[in-house]
Every structure is written in C-alpha cells, then in structure tokens.
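So this first bit is one chain, no partners, the form predicted on its own, shown in structure tokens.
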C-alpha cells in the first residue's frame, strides 16, 4: 500500500469522508494524490515522493514560489517576535498603508483569513452602508463556502440564500432585470473579474458589461464589489478591472496575497469607511502578525519584479506550447481565461472525459493541473519550469491519442 493510500485509510476513520472541501482528491479523479509533504519554487512532492511541476499553485495561494526565501524570512522574523498577541502588530498598519498606496480604489483595508471571510465582510459593509439586503451575483460564480454562497445546499436553509439574486455573467440586461426584481433593495452587485466557473470555459469580462454594472450600482446607490480572491495579484496589482477603467467600491482579496500564509482583506473607498467601522466582524486569528508580514513581503516582491508581467510571459509560453502540441497530436482544444489563470478543454468533450484522462496523464508525467478547475501561474514559473511542464503535457497528449485517437 502506498503511503497516500495508507493515510487515506487512516483519515477515513477520524475525518468525515476522509477529506472534505475543494482539496478532496476524490473529487478530482482516481490518479490525484491526496497528501503532499514538500514544496519548493514551482514544484511539489506528494506523500509517496512523486515530484510535480505545480500548475495549480496550491489552488492559487502560491505566487512568488513555494518557500520563497524573502517571504519566509519576513514571516520568520515576525514569528520570532510574536504572532497571535493581545492586539495586532505594527505590521498591520504597514500592510494597510501598502494596499492603500498600491490600489487606486482603496482608501482603507480590513483583514481576515480566507476569501469567504472577505466576500462576506464586503457584503456586510455594503449592507451597513445602504440599509438594504439584496446582493446581485452571477449564476455559477464562486464567492466562497459560507451558507449564503456555498455551491452545495447540504446544511443550508433557503432563508440563507434568500438575499441573493442571480444574473448571467456579461449580460447587462440580465443584471438590470435582477435589480428590478429586488425592487429598490439592492445593497451590492458582486462580480468576479472574469467568468471562472468550474467545469466550463472561462470568459473575459466584456468592457461594456463592466462599465454597465458600475453605472447600474451608481444608479441604484449600491456598492460594486469585485471578488478578486482568485485573480487578484496575477492580472494587475492595482485590481483586475483597473485595465478596463472600472473601479469598485469594495474589493475582496485573499489566495495569493501572502504566498500561502493565511490572510484575506477587504479594501474600500472613503465613502464606505464609516459603514465599515460599524461592523462587528472579527476572529481569533484574523490579526495574527506573521501572515501580515508575509503578505507585505509578497506584495513588495510582486511590485518590484512586475509579477503580473512575468506571469503573463510564462502563461503565454505555456499556452502557445500546448496549442502546438494539441495540433500536432490531432486534438482540438480551447484554452480560455487570462494566460496567468488558464484552463483547457477539449472539443466535443461535454462530459470532460478526455479532459480528465489528459489531466491524469499529465500527473503521471509529473505535471499537476486540473480538468475542471482553472490553473494558476506564478512568478516562479521560469522558462525552464514551463518547458519541463510542456514535456509532460506533450507526453500526455501522446497517451491520450493512443487511447482515444485524434479528433
């Protein structure tokens, strides 16, 4: 029995289902390992010692390389002084100042631990500011795992979903209709920077849609909230809709903010500062200083090296390489989403059978990516790492052709 299998058997006795949540390998396919023991740069090693080029970046949090020396040093220095104290460390002020300096739509920042914390906190600010209840959200969009937004309904009551009204992403008329349905009770319009729903091709935000929801929020007197938890820090350090010229009232951040250390943030405009300070929103570990020190170091690195540009270069190299390989092996594929946050699907593969088989073959070749969730690039994905990944994806295409034939 492999060590991974042994750990799964032991876990099944003491953890419900043996594992839960988005890292549950049972959701991903038979070939995915559950347990990992080490990471360095752009690589990870599973419990049985298999090495992978990590194209999931721990599902988003890694952005400047696993165990980045500068981030680790900043975290270690803070940890040596103290982490969870009777109040936050000075680094909380320093990190908030950094965010306000970097992000044009930010006049203040509040901190927590996970993306769900940040999206929920942002909605609380919007409701406190407006005195209204409803949030307009795109159908299928992922905003976290609290009852108001979790994809599953187990343990969730209808009342906990009653204050969200859905529209179709990039459909401005649909957003307008959702607002009309709320009959004047819209506190917030919550959108992701691009459509990154699981199990389907990604879709960029149409500029007209982005400007339209900004105008709709203004007309309603509601807050426009950007959920930048997944895309944040990879597309544009100032905010993912900044290149579109659309600035939100509130932004939720997390994942890559501290290169794997647990932290999230909400940033907002001065107009919402008063509402934000009325919240009672807290947690025992929300003010821990170590993750804040790691976040400060991570963001400083990204700013110094122009992290989004590096990731764009790496993602372009990966996308162009995969496109050439697919064509050479006779497959028609679609690569969607920003190159820094890519995904691949096969033509005429609605069940994702080919995608799952190809992703499994990639695992066998030492490349960790996913068949139904977007991938992530990092500043640690050098040309060498991308070329190693492309060796694996090419071999995986060859295996797929042997099993299925060309399209």
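Residue numbers count along the first chain shown, from 1. In this text the structure is predicted, and so the values were computed from the model without any measurement.
Separately, the form predicted together with a small molecule exists; it is not shown, and the next lines address it.
Per the 4.5 Å heavy atom criterion, the small molecule in the predicted bound form is contacted by stretch 140 to 148, the sole one of 162 to 170, 98 to 106, 73 to 81, 140 to 148. Among heavy atoms of residue 116, some come within 4.5 Å of the small molecule in the predicted bound form. Taking non-hydrogen atoms only, residue 229 approaches the small molecule to within 4.5 angstroms in the predicted bound form. At a distance threshold of 4.5 angstroms between non-hydrogen atoms, residue 214 is out of contact with the small molecule in the predicted bound form. Under a 4.5 angstroms non-hydrogen atom cutoff, the small molecule in the predicted bound form has residue 255 among its neighbouring residues. Though the small molecule is absent from this view, in the predicted bound form it lies within 4.5 Å of a heavy atom of just one residue from 319, 296, 132, 196, which is 196. The partner is absent here; in the predicted bound form, the one residue of 288, 192, 325, 121 having a heavy atom within 4.5 Å of the small molecule is 192.
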